[in-house]
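Single chain ahead, by itself, as structure tokens, in the form predicted on its own.
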Amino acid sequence: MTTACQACPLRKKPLFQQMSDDELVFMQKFKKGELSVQAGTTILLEGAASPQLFTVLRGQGLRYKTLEDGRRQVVNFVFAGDFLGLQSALMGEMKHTTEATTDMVLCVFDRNELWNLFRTHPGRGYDLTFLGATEEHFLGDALATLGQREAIERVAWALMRMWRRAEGLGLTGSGTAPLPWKQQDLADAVGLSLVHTNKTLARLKREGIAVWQDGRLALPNRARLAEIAMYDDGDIVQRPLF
């Protein structure tokens, strides 16, 4: 059964800004359906065009780029509420691949209606611009992390970002956050070898700062992790839900 935009569970999460009644009506018309995909499914392929845009309703995934020799750079970790496919809509093709890490449910939108959105609902168009600027800001932080931070600082920064995102989705009530990815995914994201990443995670665990095991992250000493990461652990900054 397809979830109505008015009843979307993500709207209640602290991470997202509220939409007006008019915006909800438009989004319901813009939405063409839902797509369920299994873990390991490629949702969007680097170099390919997609006629569809997606918002992640449930599940988690990865965005990554692949070099010609097969080496991979993880660009970002995908959470519920992320909007996927905008590159293809605006640039003709995807510049990275998006893959499901867990089983996922995606809200599906027709990209041919995107220009109608900008024309008739400029507020929603601004929201898309905001999301693009947020992604640019994240990539700037990621580049600074890869270029300037030590290994433990890189790992701490990544864990803090993932924890805060899970927190904004209300997924940390049990005292842990879902992190279904592999250590290799984290290693690719922060530019470290798997061995170095493993040793760094072991150090954080040994010092009682962060524990990542069995697909869950616990932060026994969150303040210390934020200090190592040089991360501003303040209030949650709300973002548009598309």
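Here the structure is a predicted model, which means the values were calculated and not measured. So that there is no doubt, residue numbering starts at 1 and follows the sequence shown.
What follows is about the form predicted together with the DNA, which we do not show.
In the predicted complex, the DNA stays beyond 4.5 Å of every heavy atom belonging to Thr42. Put simply, Ala202 is close to the DNA in the predicted complex: some heavy atom of it is within 4.5 Å. The DNA in the predicted complex is not approached by Lys65, whose heavy atoms all lie more than 4.5 angstroms from it. By the criterion of a heavy atom within 4.5 Å, Val105 is excluded from the residues contacting the DNA in the predicted complex. Shown here without its partner, the chain carries Glu150, Gly191 and Asn198, all of which come within 4.5 Å of the DNA in the predicted complex through at least one heavy atom.
Scanning Lys182, Arg58, Arg216, Lys32 against the DNA in the predicted complex with a 4.5 Å heavy atom cut-off leaves one residue, Lys182. The stretch among 73-81, 127-135, 105-113, 150-158 whose residues place heavy atoms within 4.5 Å of the DNA in the predicted complex is 150-158.
Taking the DNA as it sits in the predicted complex, the stretch 99-118 never comes within 4.5 angstroms of it through any non-hydrogen atom.
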